[in-house]
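This document starts with one chain, in the form predicted alone, laid out as structure tokens.
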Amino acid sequence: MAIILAIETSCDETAVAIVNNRNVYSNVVSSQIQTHQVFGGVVPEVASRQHLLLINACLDQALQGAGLGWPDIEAIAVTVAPGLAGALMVGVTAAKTLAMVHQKPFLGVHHLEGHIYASYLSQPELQPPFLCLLVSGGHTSLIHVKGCGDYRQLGTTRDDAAGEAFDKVARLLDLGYPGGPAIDRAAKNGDAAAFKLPEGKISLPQGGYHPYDSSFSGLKTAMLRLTQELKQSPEPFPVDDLAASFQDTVARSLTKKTIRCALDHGLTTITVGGGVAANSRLRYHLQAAAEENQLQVFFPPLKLCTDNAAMIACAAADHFHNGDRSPLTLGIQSRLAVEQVGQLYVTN
């Protein structure tokens, strides 16, 4: 048993959760979407100020929801990397203060490791090795999960992450922010075969293409030119068809790379994490392709796809059991590869 209180403030969600190993006692998420909608994206300084305003209320709500007091908490965990520097600092300062005041062990957690652990919360029997497709606003990665803290990135994106591409294309279509849910809603009324769009391939110096890396720059350019052309037409602007075609192209591209990567590395289980894991078309294509290739794929519930502290606490619980602790001198890092998770800990 390891009851962990975790804080997540890497971007625009202020989140606090209490988790006992893989059992969620409380999971509080205060989203800043409405605050940032007026800007069409996340403004780092605004996000940091919102975290300052919300963090104490989220802490109180998490403790009340779990029906626990500070004597029941065994350790304090927090996202320390990667993310927006100012936003991370709010959460880390709060976590360190709580660890010192209540004399609890402190654990700094890698945000991407948290997204990997979201699948453990919904699939308690899940065990490594497996392949994780991590798709969010800031990351598009294929990660070989070998064990707690033992990861190898097999594929990444050479330009915008999938979620970022959704946001930019949503702006082209005047669908608003955040782009992922907006495009998914519009696409339900559209024809995914209406427009043929490029999936994006990464050329290798020696010839051929990188099998697992993604690129969305060509797709975004194609969408820009297509929307400019169609807006000049006297015909009604086909927003729903454009959304459906774009979404389906992204989903098919990610599915092909993920299935090939799993088969090439002999991995029979695939998990998906990050905000784009909520996308309906990605779920459809990847589930169908996994069944066709006799693989199993797990998607976390929608509430665990976006940033939350329960996934951070779950990752911290495994590290806690392994004897890992973080020094109170540990600083935030806006960039840190998932393979470098070990840098965050010393082992008791």
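Because the structure is predicted, anything quoted here is derived from the model rather than measured. One-based numbering along the sequence shown.
The next section is about a form of this same protein that is not shown, the form predicted in complex with a small molecule.
- Contact check for Ser136: a non-hydrogen atom falls within 4.5 Å of the small molecule in the predicted complex.
- The shortest heavy atom separation between Ala62 and the small molecule in the predicted complex exceeds 4.5 Å.
- Residue contact check for Tyr117: none of its heavy atoms lie within 4.5 Å of the small molecule in the predicted complex.
- Asp167 belongs to the set of residues with a heavy atom inside 4.5 Å of the small molecule in the predicted complex.
- Contact with the small molecule in the predicted complex, defined as any heavy atom within 4.5 Å, is confined among 119-127, 255-263, 227-235, 158-166 to 158-166.
- Checked against the small molecule in the predicted complex, the residues Pro105, Gly86, Gly200, Pro181 give one hit for a heavy atom within 4.5 Å, which is Pro181.
- In terms of contact with the small molecule in the predicted complex, the residue from Ala187, Val276, Ala251, Leu131 that brings a heavy atom within 4.5 Å is Val276.
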